[in-house]
Structures are given as structure tokens and as C-alpha cells.
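Just one chain is shown here, as C-alpha cells, and it is the form predicted alone.
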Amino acid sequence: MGVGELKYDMSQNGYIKLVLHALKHNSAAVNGVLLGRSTDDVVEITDSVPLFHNHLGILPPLEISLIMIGDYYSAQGLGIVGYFHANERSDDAELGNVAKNIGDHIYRYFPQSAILLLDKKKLEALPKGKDRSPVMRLYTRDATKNWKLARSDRGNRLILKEPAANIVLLDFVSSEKWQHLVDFDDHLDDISKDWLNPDLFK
């Protein structure tokens, strides 16, 4: 099965962590990486690591973070399978060059990789409705090596493994759990802050 037909199954915790990162730095662009593995026609996204809220495209800290993340998760049989990006403005739904360039870098090592772009308008509307679909847009690389919004005649190709993930997310938002989230920017400023966020879901 080709990349164009792949489905991406995302765990609840990996999903929530990325959205909380964007909420914590609501007036900034933020990014992160997706961790998981691929099996046949599915890429399983089992976890995520929030990266930066300042200077998203600066190479030295990005390279350091990707090496540290890769080393840690490879011991668990997982690898970097994609990239997450949230734009600064809620009315900006474009996939920008920084996101594409980092996505290209990950693609070189994992050709089934995806980019997830936060849909801030959909996130803002979440408390008003009962939408169970992800508040993210899925992008994959096409035959011309361009990142395109993934469309499928057979339904959404980005699937939340736990159907109640958005309900849990709203609980986390109402309790302001995002205040406790640590990204790589925070860790590089103060190495006592753990980028693995081991207590976030306790």
C-alpha cells in the first residue's frame, strides 16, 4: 500500500500533549515531533514530544533535540514518524516553509512520515460541539515531493485511537493542565525541567 493510502492512528496522550503545548504558548508558533512505528498500511503514533515555542527553525537546538529524542525512543522500539506544527495566528491555516523543511528532514529517515497542522479555529469551536475528530490537519508528501493536505474517499486518514480523546482534552483545558507542560525550549533553559513530561497525565 502506498503512502497516499496510509492511515495514521494517534494515541490520546500524544494528541493531547501537542494541543496543550499550543495552548500554553497561544500567541506563538509551536512545534513537536510524533513518535511511533509503522505496520503495513498504518502508522501508529504512540507518543509526541513538544519541541519549541521560540525560534522554531534554528538548526543547532533542533538537531540536538532530534538526536536526544531519537536515542531515547529507539530503546523502546519507536522512531520519529512525523512533525507537528501550530501557527501563531488562529486565522493562518497555511503550512509554512519552516514546517515543510522540518517535515522534509524527517521524511528522509521515515518516508511514511506526516505533518500535522493544528486547526486553531476547530480547536476554538471544540467546547461548543461534540466533534470527535482531531483538531489537526494531516499532510503527506505526494509523488512530486510536495506536502499536500491528505484527502480520502474512504474517510479521515488521521484517526484518534480513543474516541473520547477530545472530551479528555477539554477536561485538561478546563483544569489548565497546559501550565505544567515542558517543551525542549524549557529544558534547554533549565535542564531540571523534563521534556518527557512524566507527570502530565497523573
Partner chain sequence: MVTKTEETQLNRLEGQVENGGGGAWDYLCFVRKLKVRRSDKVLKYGLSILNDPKKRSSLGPEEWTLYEQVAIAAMDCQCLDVAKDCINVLQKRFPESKRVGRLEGMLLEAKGSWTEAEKAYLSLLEDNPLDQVIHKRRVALAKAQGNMSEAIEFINKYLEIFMADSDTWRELAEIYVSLQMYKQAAFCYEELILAQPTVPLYHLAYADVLYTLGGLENLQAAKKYYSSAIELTGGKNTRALFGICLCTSAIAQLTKGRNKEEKDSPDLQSLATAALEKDYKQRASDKVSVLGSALKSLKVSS
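Since we're looking at a predicted model, the values are computed, not measured. Numbering follows the first chain given and starts at 1.
There is another form of the same protein, the form predicted in complex with its partner chain; it is not shown, and what comes next is about it.
Open item on the list: Taking any heavy atom pair closer than or equal to 4.5 Å as contact, tell me whether residue 97 reaches its partner chain in the predicted bound form.
Closed with: Answer yes; at least one heavy atom of residue 97 falls within 4.5 Å of its partner chain in the predicted bound form.
Task: is_contact(residue 17, its partner chain) in the predicted bound form, heavy atom dist at most 4.5 Å - done: Although its partner chain is absent here, residue 17 would stay clear of it in the predicted bound form, with no heavy atoms inside 4.5 Å.
Open item on the list: Taking its partner chain as it sits in the predicted bound form, is residue 187 near enough to touch it, meaning that at least one heavy atom pair lies within 4.5 angstroms?
Closed with: The answer is yes: residue 187 has a heavy atom within 4.5 Å of its partner chain.
TODO: Decide whether residue 143 counts as a contact residue for its partner chain in the predicted bound form under a heavy atom distance cut-off of 4.5 Å.
DONE: Residue 143 lies outside the contact set for its partner chain.
Open item on the list: Counting heavy atoms only and using a 4.5 Å cut-off, do 126, 168 and 175 all touch its partner chain in the predicted bound form?
Closed with: The answer is no; none of 126, 168 and 175 reaches its partner chain.
Open item on the list: Just to make sure I understand: among 52-86, which residues lie within 4.5 Å of its partner chain in the predicted bound form, judging by heavy atoms?
Closed with: Contacts from 52-86: 55, 57, 58, 59, 60, 61, 63, 64, 67, 68, 71, 72.
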